[in-house]
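Single chain ahead, by itself, as structure tokens, in the form predicted on its own.
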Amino acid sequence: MSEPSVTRPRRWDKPFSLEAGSENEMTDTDVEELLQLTPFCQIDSSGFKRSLSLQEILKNDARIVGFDDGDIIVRRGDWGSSAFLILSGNVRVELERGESSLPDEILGRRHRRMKTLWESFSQLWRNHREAEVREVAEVSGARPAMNTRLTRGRTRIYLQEVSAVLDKYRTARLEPGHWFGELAALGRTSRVATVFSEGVSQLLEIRWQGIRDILRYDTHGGLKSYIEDAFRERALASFLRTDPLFQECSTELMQRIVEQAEFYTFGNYDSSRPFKELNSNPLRITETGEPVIIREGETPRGIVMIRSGLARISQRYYQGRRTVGYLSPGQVFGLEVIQSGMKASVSQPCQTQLSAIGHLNVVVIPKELVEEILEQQNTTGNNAVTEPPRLSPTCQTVKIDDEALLGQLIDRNYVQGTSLMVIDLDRCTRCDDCVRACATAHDNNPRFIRHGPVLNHFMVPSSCLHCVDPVCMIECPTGAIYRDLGQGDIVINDQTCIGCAQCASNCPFDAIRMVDIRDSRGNLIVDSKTHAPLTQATKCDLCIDQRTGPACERACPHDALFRVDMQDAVQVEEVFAR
């Protein structure tokens, strides 16, 4: 009997313009018209492969999308994997941040409601008998929870009164020829502003795979220059001011820093180097593994500030290297070396080496400008040259005395966690109070499994880490899994989760589970056409509606369970030095 055979699937079997949310298939005529527009007309197409030409990229990785008045194109805080070029019409981008920005309710986000003291107490006996109970009206969409409408064959969130929004909130108009969304798509970061259509507009949406390939083969670097200029113009100053070093910078000096800052990218965006592969290298010779940013013994020509991704700090150890720390977004490498050089009046070499873990974006600030900042601060009495910088816990290099444990945490990618669950097995008596407390807080279904890898005497259970780089959010078609803007936690909106399981598939820690959902009588909720049970994604939400925070941590009678922000050097050292 011959075995069944199928044609191996290829990248462009289904073009972007044929995926859900598209209106029309991209044609050769559309592509030719796009090639006449900036920046595509400035791209040198001769550098592209024949099988991966610029025309084919635009035809298969891009689509033309129309929006009606008030349609929200991207929302602040959502995870983006595509960028937009305005072809016709106008769009508005919000300018304000914090309390003066567009409220969550009109952006279609779930209102964060905290349980009352009575509700928290009564959940001990008032929970449903069956787990994962939902209101049928919400699941079926019979009771809309937000401003949505079916437009151009797609359900979209929209602003009901655009004119009122324009009167009340500060926005800026973007006209044809403007790009937006490219920083989030390529930087693996959330959208920093909400953009909505003002009147009818038509946009080109291009997914990040297409942007990546254009950047890779465009020998003139036209699109790369555009994206870097956009970041330099729109966001670099705000990004730098998140570090204490730049907070007191004069406007004139900051302007020169913005002009002279250099951008570098290491690693592949779509194929982060497998951490197991790094771990299998007994000597950890990063020259053959991770891209080296600054070598040990080299005089730094500036400070390196992490924009996105993670970086490893290592030191020579006999014939190999050992990990002594790591850096996450917003943290800086090389400042202490420059300070030492200024104090000694001679340039000092780095005592450690910096290398990229997976995909990494960095900003390099030239040494001369850093010295000018330090001298300026020293003149104002801050003694910045002789005194170490006053850094917040999240700005310090993360180190642990047990370097073997630190290496395991990095190799297993646990350093991604902003709320990593850790159980000290020397204290844990396996009473399961943590699991029962989690179940009580989540309608009888615990959101984590008390089982996982053991590092020394610490267990890391199967629970959401609330990653710095939450790849689970990348392909959610409805934006149901998102970063809570209040605390930055990753949460799932039951009202918009369609049970596609894309987030569960993308999670590298198996921390998201698909569950059957039921009505208040305990009956399974099924699809009206197929009669198959409906499922939804569930995961740890850090007890977002509980007044006292994560129930698991609070319920542990032996002080054995912790939540650790792996970006907080002080917290990491306290927990893992126990």
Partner chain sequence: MIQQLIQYRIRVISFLVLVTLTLSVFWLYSLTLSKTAFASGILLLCCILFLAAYQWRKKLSFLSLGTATVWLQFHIFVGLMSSLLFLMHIGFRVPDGMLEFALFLTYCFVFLSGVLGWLLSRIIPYRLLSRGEQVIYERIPIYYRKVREAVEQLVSENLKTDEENAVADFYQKNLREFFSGPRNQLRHILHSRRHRHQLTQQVSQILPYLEEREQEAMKQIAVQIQLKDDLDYQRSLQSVLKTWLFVHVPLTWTLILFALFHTITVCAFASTSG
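Numbering follows the first chain given and starts at 1. In this text the structure is predicted, and so the values were computed from the model without any measurement.
The same protein also has a form predicted together with the partner chain, omitted here; what follows describes it.
Using a 4.5 Å cut-off to the partner chain in the predicted complex, each of 425, 457 and 555 places a heavy atom inside that distance.
Though the partner chain is absent from this view, in the predicted complex it lies within 4.5 Å of a heavy atom of just one residue from 265, 408, 81, 120, which is 120. Note on the partner interface in the predicted complex: the residue among 483, 212, 450, 367 having a heavy atom within 4.5 angstroms of the partner chain is 450.
Although the partner is absent from this view, residue 433 contacts the partner chain in the predicted complex, with a non-hydrogen atom inside 4.5 angstroms. A residue is said to contact a partner when one of its heavy atoms sits within 4.5 Å of a partner heavy atom; residue 559 meets this definition for the partner chain in the predicted complex. In the predicted complex, the partner chain sits beyond 4.5 Å of every heavy atom of residue 240. Contact check for residue 378: no non-hydrogen atom falls within 4.5 Å of the partner chain in the predicted complex. Between 291 to 299, 436 to 444, 247 to 255, 309 to 317, the stretch whose residues reach within 4.5 angstroms of the partner chain in the predicted complex through a non-hydrogen atom is 436 to 444.
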